[in-house]
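Let's start with one chain on its own, the form predicted on its own, as structure tokens.
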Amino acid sequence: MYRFHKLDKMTSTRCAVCKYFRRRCPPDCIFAPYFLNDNPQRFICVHRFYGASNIGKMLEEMPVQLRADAVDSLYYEAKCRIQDPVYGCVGIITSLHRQIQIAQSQLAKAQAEISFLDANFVGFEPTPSLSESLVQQNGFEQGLDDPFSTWFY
């Protein structure tokens, strides 16, 4: 029972990579900060497409401050490749470019319509209706449109 407890303690300190390969996790394990043991699927996903040795080589060649972003990028690319084996994240990028182009064309069309309406209605003064022109010609208003006018009754 003591051995099981000791083994259990050892398993909880291993990173996901060492846990996957069932090996001891050294104190200077290059994978430990990026593949924690609470999320083994993250490593399995990346390992499926890139391989553990290739990931290790990439991490060793990279500056320490960029490694976390690189692992996040590898994980995102691997997830996209699982969802879309043919195009991967390129399919998502292409779709987003298409959406941007559609939005830009809609924006350009709306701006052109606004410019057209501004150009046609800047100096626009409403033309007087027939009754208004008669009132201006005669010099007085008859009040024909007012149903409460006293002359009507």
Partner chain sequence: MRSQEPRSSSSCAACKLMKRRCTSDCLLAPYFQADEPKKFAKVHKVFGASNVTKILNEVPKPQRQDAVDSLVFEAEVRLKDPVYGCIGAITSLQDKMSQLQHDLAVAKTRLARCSTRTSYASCSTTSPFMMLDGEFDMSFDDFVVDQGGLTTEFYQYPFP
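Positions refer to the first chain, counted from 1. Just so you know, these numbers come straight off a predicted model, no measurement behind them.
Not pictured, yet referred to below: the form predicted together with its partner chain.
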Legend entry - Partner proximity in the predicted bound form: Pro26 to its partner chain, non-hydrogen atom cutoff 4.5 Å: no
Inset, instruction - Check whether Pro85 has any heavy atom within 4.5 Å of a heavy atom of its partner chain in the predicted bound form, and answer yes or no. - result: yes
Legend entry - Glu60, heavy atom within 4.5 angstroms of its partner chain in the predicted bound form: no
Legend entry - Gln41: touches its partner chain in the predicted bound form, heavy atom cutoff 4.5 angstroms: no
Inset, instruction - Note that its partner chain is not shown here; using its position in the predicted bound form, name the residues of 84-105 with a heavy atom within 4.5 Å of it, in sequence order. - result: Pro85, Val86, Tyr87, Gly88, Cys89, Val90, Ile92, Ile93, Ser95, Leu96, His97, Gln99, Ile100, Ile102, Ala103, Gln104
